[in-house]
Ligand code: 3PG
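Starting off, we have a lone chain in the form predicted alone, written out as structure tokens.
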Amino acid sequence: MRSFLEFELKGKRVVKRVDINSPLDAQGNPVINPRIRRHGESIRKLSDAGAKVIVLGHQGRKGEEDFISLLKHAKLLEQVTGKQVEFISSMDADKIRAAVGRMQNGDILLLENVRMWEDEEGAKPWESEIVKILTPTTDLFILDALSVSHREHASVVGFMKHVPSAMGPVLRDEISALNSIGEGELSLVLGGGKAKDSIKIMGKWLKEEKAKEVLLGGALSVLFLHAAGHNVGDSYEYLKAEGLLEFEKQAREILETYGNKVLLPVDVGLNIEGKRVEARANAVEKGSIFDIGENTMDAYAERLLGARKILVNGPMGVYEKKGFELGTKRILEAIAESNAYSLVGGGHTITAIEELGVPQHKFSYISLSGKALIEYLSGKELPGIKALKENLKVHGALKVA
């Protein structure tokens, strides 16, 4: 894959796909976060090089509460870049072409949420409306987000059928970090509730002996506790409602094959009428499991402090609820204090680091990706990465001169 650094950018129209999907505050407004910061910095680099930067991004998904316009994201990007960011709310082709046509060197233009286009997720992304509108005046397309590279959407792969394309600085750094974490002994810390993705990487890395151990927390650990034959109290209904029980067989097979390498909580933090109650993992009678227990925190922390490489994806519990942030905070602090090469991934994990006040600079690399990170590490070729490689074959001789 080519890097954006291989191209002369001054005066060129560059369409850049970023990921500025952000958490919303209580009033429904996007907030400054690592994605906004890092992508804002990468946009500024292109602007400083004299490119006319046309930014594509999304927020939420149709039907969800956080599916909103990118109007306020433009203001956040202005804060990070220190430059004016023009926002085009219209999805009218003529208005978009006119806005692109009047751009000067260094200008930044943010288009409306790409998921508002009807054919963003269509069967033929290279024939989508947004690709047809922008391709005639696009000199270079830059994919700069691993976090969307697992989706075969128009704004991710559509342009690469038509114009020279490259990876941006954020994507380049992500891939470099992920390739580094895959070498040598690894302690894999998995939390959250994405059982399918987590089980996939667990099975692959334990089989290939890339991971020396897996430390489980979050809803994922509740699933494995149930698979191991433990009563999980009221959390059983959660497992059932979220469809996690369909992965119980796979969880049981992993425990049977690699049981000595899979660490389950020995105790848990139960939510009983809103209060935290400690209980042994094999003696849960009532309440919901909202966190790993204090003894588990100690055991996990001791192992992580002596680890060589650590990959963590997903929180240890319901850190958003007071009293149940303890496990997530303790484990993140242990990773930060260790001498290991540490890679942190997943939107909830990143948010937890910020909200719990764990120093970000103490982690080797904080990935902006969640599911795409897991899929990449599990060996799956992501559509966006595949399209970049194919683009090199077709447009390899072309340069943006």
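Keep in mind that what you see is a predicted model, and the values were worked out from it rather than measured. All residue numbers are counted from 1 along the displayed sequence.
FYI, the form predicted in complex with this ligand isn't displayed, but the following is about it.
Note on the interface: of 335-343, 41-49, 26-34, 55-63, the segment with non-hydrogen atoms within 4.5 angstroms of this ligand in the predicted complex is 55-63. Contact annotation: Arg115 falls within 4.5 Å of this ligand in the predicted complex, judged by heavy atom distances. In the predicted complex, no heavy atom of Thr296 sits within 4.5 Å of this ligand. Residue contact check for Asn391: none of its heavy atoms lie within 4.5 Å of this ligand in the predicted complex. Mapping the unseen interface onto this chain, Ser147 counts among the residues with a heavy atom inside 4.5 Å of this ligand in the predicted complex. Think of it this way: in the predicted complex, this ligand has a heavy atom of just one of His162, His230, Arg151, Arg276 within 4.5 Å, and the residue is Arg151. Checking Arg303, Lys309, Lys329, Lys194 for any heavy atom within 4.5 Å of this ligand in the predicted complex turns up a single hit: Lys194. If you take 17-41 and check each residue for a heavy atom within 4.5 Å of this ligand in the predicted complex, you get Asp19, Asn21, Arg35, in sequence order.
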